[in-house]
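Just the one chain here, the form predicted alone, laid out as structure tokens.
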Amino acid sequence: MIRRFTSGKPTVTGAVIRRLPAENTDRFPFAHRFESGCFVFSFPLRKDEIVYGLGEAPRGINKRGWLYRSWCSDDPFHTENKQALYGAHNFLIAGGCGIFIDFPAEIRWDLGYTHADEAVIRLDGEDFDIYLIRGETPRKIVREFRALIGKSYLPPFWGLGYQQSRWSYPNAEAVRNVIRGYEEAGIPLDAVCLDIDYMERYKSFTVSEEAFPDFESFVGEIKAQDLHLVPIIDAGVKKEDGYGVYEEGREKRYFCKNADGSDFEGGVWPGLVGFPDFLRPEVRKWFGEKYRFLTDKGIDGFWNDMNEPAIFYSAAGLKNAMEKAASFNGQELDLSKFFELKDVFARLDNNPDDYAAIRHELDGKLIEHPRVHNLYGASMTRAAGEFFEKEFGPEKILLYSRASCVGAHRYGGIWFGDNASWWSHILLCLKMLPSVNMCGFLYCGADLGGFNDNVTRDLLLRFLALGVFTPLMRNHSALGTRDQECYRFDQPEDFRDIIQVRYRLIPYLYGTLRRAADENDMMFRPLSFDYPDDPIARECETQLMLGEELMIAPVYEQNASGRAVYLPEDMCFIKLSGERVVSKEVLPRGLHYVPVALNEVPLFLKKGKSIPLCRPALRTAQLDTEKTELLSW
């Protein structure tokens, strides 16, 4: 059963596809109050109660005991003290009830942090819809919620292939060298992602003629090898006379405004940019059509970035900072003055004052950006997704985004942003998977090996062994870090063994992904969903259920030759490596230590279940999915 409670005049976010009758907040069953322009409600938390949800968020599967913030944030340092990452996914399950807050402004979630036995949720506004969803089990609650918000995006089949990315491959020859490196090592590959340096001076919907001459022919050369190029598209449009996208957007008044009606100008990669007002349908249609510049050249995959929106500085903010810095000239800087000067520039990026200055046009009125902040990146994804479906049909174009909120799951996938080459981020990825699945995002994954910092050989192998199972399997790394392509490390055959396992599993993974989308279900589940009465399974956060057949348990510690694993029932422990089934061993319910070599992928098969395996190939297009063998117990 779903009940909808409405206050004021909620912004139409597009998150839900079913219109339910509205009840007044006077009938809202939780303790609540309106306070200083905010709506605050609370409910008790039982001693051992698990709180699930919030999608792409820091910390664990159980969200209890911390403060979270719904505010799409450009933050490349994913540490435990953070409260928000790139997504704002306002759905959680607690006390046998699902709670979805359809509200695009900031929400603060105190989930047993201030008081261990109480959840307190604060909405920064009074216009909202809150949906309460009752169900017998958490999984049934998720299915009810997912039916409310609509079917999840499905990628083209090749989108499950292995993708190699870096900031940046600066020219066509660098891309050719990456492909050559994988070919020579015999490691499967389906796509190479192009970061910002493929563009002409970081301008979206351009290609550098110097770096990629005759780009259309180059795309054809890549496609002839059953490969794909996946270019990045940034939200900001460079302010430059003679740049057609900018001039057209300025002429049609399609960019976000200041309070006085002038275009808001912020600085990102290309310098000052205009931010398209994606909340307007005509702007989404206009921007979506711009992808045609690249689809006409044969491109069939994209990743949308910088769409929180990220703002390095605003024109006004930079001017003020320069004037403030100049005021220190000639002064002796004591402790307080030194840090005051340092903070002048440290506080420029993603400054709340800049977001507060942005205006959107909604229903003919200018409204402040903070009221709709979390819709921005999702609306960019919607702009692209609607164009792709209209022009090419469903499941033809690969699309994933950094910023998102519920509703964007119907138009594209997500990746988990700028993580790091830290062992703890293997587990961070694992713990996000069921949480984002709950919120509708099935096509998802992390930057394997880590984006920031320098990866080690063993970390990349262990990260990939988890990435074997995530629908988006992409290796991505930052400018200035160690080269992270698999063939660059000693004994590249170990990397081949891991990625070949992925290609053997693609028929199973693709089928599981489709079923989850069709049935409004999750690919990945916490063990507690399947074994609610098992106290060890309820607290386990380093293992997941996958589909109806498998449990996965990646190795996540450096120098470990295996790991401890808990089996909530008898299971068959299987290790795959390349084309080989290395071992199969039935293990009884309980705690075990299982050895796992660096070139092995462990999985645990439930009794009476089987999964199909095909022979590996260098490309998904070369897989024979009709000829499979069953891995069964």
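The first residue of the sequence shown is number 1, and the count goes up from there. These figures come from a predicted structure and were not determined experimentally.
There is also a form predicted in complex with a small molecule; it is not shown, and the following applies to it.
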Is there any non-hydrogen atom of residue 303 lying within 4.5 Å of the small molecule in the predicted complex?
-> yes
Do residue 196 and the small molecule come within 4.5 Å of each other in the predicted complex, heavy atoms counted?
-> yes
Though only this chain appears here, would residue 369 touch the small molecule in the predicted complex if you measure heavy atom gaps against 4.5 Å?
-> no
Using heavy atoms and a 4.5 Å limit, would one call residue 494 a contact residue for the small molecule in the predicted complex?
-> no
Counting only non-hydrogen atoms, choose the one of 87 to 95, 303 to 311, 256 to 264, 181 to 189 that falls within 4.5 Å of the small molecule in the predicted complex.
-> 303 to 311
Tell me, which of 145, 103, 153, 451 has a heavy atom within 4.5 angstroms of the small molecule in the predicted complex?
-> 451
Identify which of 269, 508, 286, 423 has a heavy atom within 4.5 Å of the small molecule in the predicted complex; exactly one of them does.
-> 269
